[in-house]
Structures are given as structure tokens and as C-alpha cells.
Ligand code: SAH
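One chain comes next, on its own, written as C-alpha cells: the form predicted alone.
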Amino acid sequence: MLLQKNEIYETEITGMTAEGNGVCRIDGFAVFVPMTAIGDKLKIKIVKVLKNYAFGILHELLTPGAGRVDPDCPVFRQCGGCTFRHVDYSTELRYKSGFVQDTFDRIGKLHPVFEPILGSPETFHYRNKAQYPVAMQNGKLVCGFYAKHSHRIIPYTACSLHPEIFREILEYLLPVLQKAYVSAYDEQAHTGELRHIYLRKGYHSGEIMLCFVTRVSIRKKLNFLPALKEKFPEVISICESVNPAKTNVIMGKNVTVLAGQNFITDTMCGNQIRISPQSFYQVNTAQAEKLYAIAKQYADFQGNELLLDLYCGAGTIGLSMADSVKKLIGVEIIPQAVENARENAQRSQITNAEFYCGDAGMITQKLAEQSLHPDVVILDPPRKGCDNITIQSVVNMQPDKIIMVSCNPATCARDSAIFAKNNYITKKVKAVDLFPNTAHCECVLLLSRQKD
């Protein structure tokens, strides 16, 4: 039977994709349905039919599946941020654990030991960073979140994943920005001024950074900044990043300080961390500290190792392990992050760490050519995973262990399979949920070199 668009079918959700879509089968034909739960008996409406599969939407829920709850967010169905506000947290963790195991089996063809997933004790207000796109709607300056698979902005300032003070700052900012005649960026016409409002907060310190991401500078219009700092003394850094390009990339190449300083500080694993607007810093600090502790446990340092930390960002992972190794070398492509990493080592009185600025693949190639032989390599790549140069360079250096931290199980499994072909066996994997209510899941894994 060929499914018909706009037709209604009665079915049951039997699986879940890593993107958070429920899966059902109608006469053997796979249909993906968002905002459903495994076990849901329901009627769905077909909205798109392709050669081998289709997409549907929930038309009527007949019998809820295990773990289904009423969504607690008024914009859940419109906003593209959260995926699992309609199931309880234990069900969400079960889904995510399944995603990770399935990915390593299906993509990597690997069968390591899967340790139980580590859930987050905080499922709300855990994010220390938010970037809000700005728009003009009905004559009013608004900010919020993109609707799923679009750049249509859903106005909302009270996201429960963010600190409450972010809402307070936004609700203060929007009217005063409009009063100052700051215009919203129009993505289609490439006109207007303000693209995003970017906020960061130190989890332990409470310090807040505010950054205006603009198409052209608006600094001359921001005469309200002294009043803002007086109302919110936690805001110790106010910056502007001008991004004149017609691009989906949020930040511009440079950051200018408008008030205060160009960084905030926080504590991570006992170390003092300086965070600039462009530094990578895990958004769930408390859970990241647990993630790094697991990575350190997997490494099982004896105290005399040379540790190479690739994609090191502001140095948080490597610095959390520096007290257990002879020497730490960190590599990161963003100059400002490398500067932060060096400052963080100095502020935390860590003297056995060096940091290099450059592409991970190119730097590791140079280190390999210098006959550098790290005992352990930490890999924390971006979502796209490691490039082939980095993987081959790491293999050439022949470390005993590779500890990989990944926010994308699919690219992680792919890279692990490449390492497996080069004599590095994935021993164990642990999923760690840093992003409750969303479809994202972090994982940490141990790869060991098989010696001849």
C-alpha cells in the first residue's frame, strides 16, 4: 500500500530516532512522527511521502505510551529547542542510552562495554549560555528561539532551561533597545542592526556576560548600559561582536568591550577558568565536572604521563587532569580560547601545561614529526567529529590510550571505527546527559592500543 499525503492512519509508535522522532510502521512502511513516545497508540496524519519512508504528525492520541507526560512549556510544540518535554526524565534517559548503543552498533559496528547512562541532577535552569535571535514582530522588538527546521523566531524569554536572571535581563533589554531605535536584523533582506543577544553565566561564580551580536555597530545607541549594570551588578562584561556577513554563523570575528571586561570567570573541577565570548565551555557545568571526572578515571593516570588535549577550548578538560600527569599539551584553533587556557593554567597555579594555537590536524602532524609520543590523548571534537589528518596523526604518535568526549554519538562511532582499523579498540562507553529535555547526549569512551 502506498501511503497517501493528508490521510489519517491508526498505528503504534514502536521506536525512537536519535533526532527524537517516534517511529511506526504502516504496512511495513516507516513513518517518523515528532512529539510521540514509544508505546503511543494514536492516529497520525501523513504530511510527506518519500520513496522509502514518510513523515507524519500526531492527529489524535488514543492510548499514551509509558512515560508520557503533559508538556510543561507553552511553546514546546512551536520551539525547536526541546525534544522530550512530553516524556518523563527516566524515559528520556532510556531513549538516549538506546541511541548511543544503537549508533555504535549500526554506524561503528563496535560492541564495547556500555556503562549505565549518567543522568543530570538538574533538568531545568542548567544552561550557562544562551544565544537569542532577535526580530521585529507586530511593531515590537522580540527575541526567542527558532521554530524547528526554520529561522522563524518564536518569541519567548522564559525558557526553563536557562537561569531565571536571563529572563529578567531580556525583559529589561528589549524595551530599552527599541526605545534607543535599535533595529532587528532581517535575515532575508540582510538589513537591520541587532542579530542576537548572547548571555553567559558562571555556574559557581554567578558572573554574567552580555554580548550584542550585530550586523553593524550599535555601541553609540547603548547609553543605557550604566543603568543596566546598576540594575544587574552580576553583569561584569558587556561586549559587541559585529558580524556583517550574510551567514548562519552567529559570532563575528572580533569582539569589542563596551563595559567592564571581555571575560567572566568560573570554577571547573577546582580550577579557575576565564571564559571569553568565543571560548568553548560546556553549557551544563555541574554535569560537565562529572563527565571530566569519568574521563580522568578512564585514563587511569600513574603520574608520569604526557597528556595531549586536542580541541582543548579554554583548557578545562586537560587542566582538570594536570595534577595527575607529568606534562599537559593543549591544542585549540581559536586564539582567544588558547589565551584563556594559558591564563587559566596560570590562575590555577598549574605549571606543567603548554597550549598551542592551530588546527588540531596540522598541529598533531607537526608534533608527530617531532617524535612526540604522548601516553594519553584526549579528543573533544566539534559535532562534525575528527578530521582524517587528526586521526592519522594521533595514530602515528601511538599513545597507549585515547579518551574521546563527544557531543555527537554518530560521528564518535564513525571515528571510533576508523581508530579500530588502526589498532585502537573501543573498550567502554558511558553516555552522560548534559542536555536534559533535548535530543542531545554526550558520551565519553576509552580506546586502548592493541600491542603486538
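Just so you know, these numbers come straight off a predicted model, no measurement behind them. Don't overthink the numbering: it's just position in the shown sequence, from 1.
What follows is about the form predicted in complex with ligand SAH, which we do not show.
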Okay, which stretch from 200 to 208, 216 to 224, 244 to 252, 373 to 381 lines ligand SAH in the predicted complex, with non-hydrogen atoms inside 4.5 Å?
373 to 381
Flag Glu171 as yes or no: does it have a non-hydrogen atom within 4.5 angstroms of any non-hydrogen atom of ligand SAH in the predicted complex?
no
Does Asn340 reach ligand SAH in the predicted complex, with heavy atoms at most 4.5 Å apart?
no
4.5 angstroms heavy atom contact with ligand SAH in the predicted complex for Leu319
no
Is Ala295 close to ligand SAH in the predicted complex, meaning a heavy atom pair under 4.5 Å apart or at it?
no
Candidate site Ala37, Pro64 and Phe84: all three near ligand SAH in the predicted complex by heavy atom within 4.5 Å
no
As a check of understanding, the residue in Thr103, Gln282, Ser237, Ser276 with any heavy atom within 4.5 Å of ligand SAH in the predicted complex should be identified as Gln282
Quick one: from Leu228, Ile333, Leu110, Cys269, grab the residue that has a heavy atom within 4.5 Å of ligand SAH in the predicted complex.
Ile333
Could you list which residues of 302 to 326 come within 4.5 Å of ligand SAH in the predicted complex, counting heavy atoms only?
Tyr311, Cys312, Gly313, Thr316, Ile317
